[in-house]
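Read the single chain below, which is given as structure tokens and is the form predicted alone.
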């Protein structure tokens, strides 16, 4: 009889350890990847497929006909969708630029050794902790033409207030929504920029002061270049957030008066959850996705093209 050789478990342990060592990172991120695919990839693919069909839940529960690119053509030719795109771009660009500029100014003030700065820093973050829909209700009362605080302040300063109210006039409604966003999210920029400025080495600042560099020169030539990467990232993230503005528009104006405050987020809500036009809202969704991704891709390309990592 031939003796049977039994390999001990210890003989396989180096192989097993090597396998685990090589694949452990992938195993750890696998649950997150699966979740992302479920929450992002599947809805986008479902919307892509639905965008080529005539599908309105008020007519039937299933797609009725393949229409090709008709939904995309209808979306692009619709005046309200083009107005929503224009308003969204105005809010995103102007809002992001204003919030960054004000946030930078506030961060520079926070760097000063003034009394009460600790309390100010603690209070500064409060607006960002409030849900946007709650902020919308708050400013709905502040903008009230019959006695809202903002209306009263403007009238006290002899500034013109529309007879139909700030939110009721096409000339002021969009600016009112922009002001709400600036009020809530400027502290976010201030806190992040302040934390970045604290990381700037004091030795560099002191050397520049010894060379008699002005405060403006130190800011533009030293501080901003050193926090450039952080600034680029938070501007990009905030731009994408404003691009999805919906809550405050729903509470304050519902896209009106007319289409003066309609945004892409509100347009998708109206077509999908009010009119139940699945095919058209799917096409609008993909148009919005393509637009924001093209803008962000160009922004990242030009912002980081001279960066060395």
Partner chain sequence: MKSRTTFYTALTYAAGLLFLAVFIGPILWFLALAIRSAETAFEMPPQLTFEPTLDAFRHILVDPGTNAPQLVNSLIVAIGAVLLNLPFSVPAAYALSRFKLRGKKNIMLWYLGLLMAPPVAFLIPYFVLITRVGLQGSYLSMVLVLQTLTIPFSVWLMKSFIDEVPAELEEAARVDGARWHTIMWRITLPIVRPGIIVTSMFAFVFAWNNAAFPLVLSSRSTATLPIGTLGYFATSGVTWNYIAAAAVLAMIPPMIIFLVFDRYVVRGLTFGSVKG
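Numbering follows the first chain given and starts at 1. Keep in mind the model is a prediction, meaning the values are calculated, not measured.
The same protein has a further form, the form predicted together with its partner chain, not shown here; the description that follows concerns it.
- In the model of the complex, at least one heavy atom of residue 46 sits within 4.5 Å of a heavy atom of its partner chain.
- Using a 4.5 angstroms limit between non-hydrogen atoms, residue 188 touches its partner chain in the model of the complex.
- Residue contact with its partner chain in the model of the complex: residue 100 places no heavy atom within 4.5 Å of it.
- Mapping the unseen interface onto this chain, residue 183 counts among the residues with a heavy atom inside 4.5 Å of its partner chain in the model of the complex.
- For the options 85, 208, 192, 178, the one in contact with its partner chain in the model of the complex, meaning a heavy atom within 4.5 Å, is 192.
- Screening 220, 126, 90, 73 for any heavy atom within 4.5 Å of its partner chain in the model of the complex leaves a single hit, 126.
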